[in-house]
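A lone chain, given as structure tokens: the form predicted on its own.
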Amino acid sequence: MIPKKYPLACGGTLSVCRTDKFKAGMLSVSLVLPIERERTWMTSLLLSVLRRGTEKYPTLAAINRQLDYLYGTELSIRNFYRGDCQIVGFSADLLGSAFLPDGEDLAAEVLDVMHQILFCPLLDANGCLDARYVESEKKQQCDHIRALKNSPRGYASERCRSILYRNEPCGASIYGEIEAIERVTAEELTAHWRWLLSVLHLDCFYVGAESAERIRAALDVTFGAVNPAVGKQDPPPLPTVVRTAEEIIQTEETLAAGQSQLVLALRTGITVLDPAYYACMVANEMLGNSPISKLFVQVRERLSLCYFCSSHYNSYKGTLLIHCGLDAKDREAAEEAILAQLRTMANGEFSREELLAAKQSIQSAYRQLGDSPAALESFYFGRSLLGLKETVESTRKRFGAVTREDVIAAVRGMTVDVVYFLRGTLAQKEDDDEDN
């Protein structure tokens, strides 16, 4: 099924993927923003402050009580990157009307809470966001940044990502820098909130059994007062794609941790917009995204050079990260072993069974998308950002059509851009495992 798109009175859009499969549907209300270094982290901070209290629900506890009253509806903040866009907003799981008392419009009541959070936050006598909430959330965001170093695996991935995208919008940290966060005032954050409302354009998405007319009516009632002229916004930018690396950047840092981390960042030049996308996904599955992948079987199991070794393909940016946790003494051997696996794939040294297993693994994952409203929303929303109109089923079938030659061509086009090594300075315990 391809979602149907409807215009909203506020100038935004609603996409509906109607299915009777679930008792609870998912409704998301999103703003698609270009990534700007000085505004991205401010938006992250703002979302946390807005969630703390509103005119009607002045505390977080009051907001949560209202959600509990609405049959335990879970309201989540959306804040993530897709390519060079920042997606912010809210999502909620909505119990279907067939399971509610007659006449109750749960969608309208949940949307009212979202409207309160976005448009009617708790303000002081001067019209500024509550300073107590601002200071509290500033501390929370700074603590989150500091805590990243407590997870060497996450820290290494983030550091490599920032180097890889050093000249691209998505290289900006979504949470910012501690020094900048500590300097921001309630007045500045309030100004940022007003700016956000001035560029507001709502992209709403619903997956569930309710009719499009019912969801659309609830959105128009809730957000209809938003000036459509204000909601006019340029379409989100297509992802910037660097096809090949000009030179390999080698970076090494130290951290007080027992396990070292090695991350290789590769440019593939292939995004979800390219016909070769399907082959690149299969190549990633074969390389390091499954329990029978080459990195797992060869580098971890056969050579015992690391505690874990896996790969991740960012289809919106055309990049592939290979990450392994290891002892510092095995760094060179592990790097060479990883590159050797890439060479074997580029030379076509993989069996028919390996190719078939990789394709079947991806196809199985795509079948499972239909079991979750959130997974369906994520798939279709991401595709809609790029103007792609394809179904989960058609996408799944195209993976099945990938050939050996397609995979070889995809791997041969990959080039290493960044090699990042985080050297652990603490003695490794004998019982350390891959989760450390």
Partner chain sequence: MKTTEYSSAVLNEHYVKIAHRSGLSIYVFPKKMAATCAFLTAHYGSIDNCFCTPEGGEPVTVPDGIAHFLEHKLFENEDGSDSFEHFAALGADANAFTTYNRTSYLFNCTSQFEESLTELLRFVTHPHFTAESVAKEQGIIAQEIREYEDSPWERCFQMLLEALYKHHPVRRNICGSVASIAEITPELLYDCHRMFYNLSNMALVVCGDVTPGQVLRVADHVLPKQADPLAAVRVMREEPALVHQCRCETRMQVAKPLFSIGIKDPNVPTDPMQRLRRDAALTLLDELLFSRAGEFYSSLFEKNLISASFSGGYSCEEGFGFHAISGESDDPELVFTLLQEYLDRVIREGIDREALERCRRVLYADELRSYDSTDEIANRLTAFVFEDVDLFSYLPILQSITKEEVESLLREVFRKEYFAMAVVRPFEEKESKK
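Numbering follows the first chain given and starts at 1. What you are looking at is a predicted structure, and each value in this text was computed from that prediction instead of being measured.
A second form of this protein, the form predicted together with its partner chain, is not displayed here; the remarks below concern that form.
| request: Kindly confirm or deny that Glu335, Glu349 and Lys397 each have some heavy atom within 4.5 angstroms of its partner chain in the predicted bound form. | output: No, the whole trio is out of contact, none within 4.5 Å by any heavy atom.
| task | Could you tell me which stretch in 306 to 314, 78 to 86, 191 to 199, 272 to 280 has residues with non-hydrogen atoms within 4.5 Å of its partner chain in the predicted bound form? | result | So the stretch in question is 306 to 314.
| said: Quick check on Phe119: any heavy atom within 4.5 Å of its partner chain in the predicted bound form? | reply: So Phe119 does not count as contacting its partner chain.
| query | Can Ala256 be called a contact residue for its partner chain in the predicted bound form at 4.5 Å between heavy atoms? | reply | Yes - in the predicted bound form, heavy atoms of Ala256 and its partner chain come within 4.5 Å of each other.
| message | Please tell me whether any heavy atom belonging to Asp93 falls inside 4.5 Å of a heavy atom of its partner chain, as the geometry stands in the predicted bound form. | response | Within the cut-off, so yes.
| Does its partner chain get within 4.5 angstroms of any non-hydrogen atom of Arg52 in the predicted bound form? | Residue-level check for Arg52: yes, a contact with its partner chain.
| query | Which listed residue (Arg404, Arg367, Arg37, Lys56) meets the criterion of a heavy atom within 4.5 Å of its partner chain in the predicted bound form? | reply | Residue within 4.5 Å of the partner: Arg367.
| Which pick from Arg161, Arg216, Arg153, Arg267 sits with a heavy atom within 4.5 Å of its partner chain in the predicted bound form? | Contact check passes for Arg153.
| field | Heavy atom contacts to its partner chain in the predicted bound form at 4.5 Å, residues of 311 to 329 in sequence order | value | Those in contact are Gly325, Leu326, Asp327.
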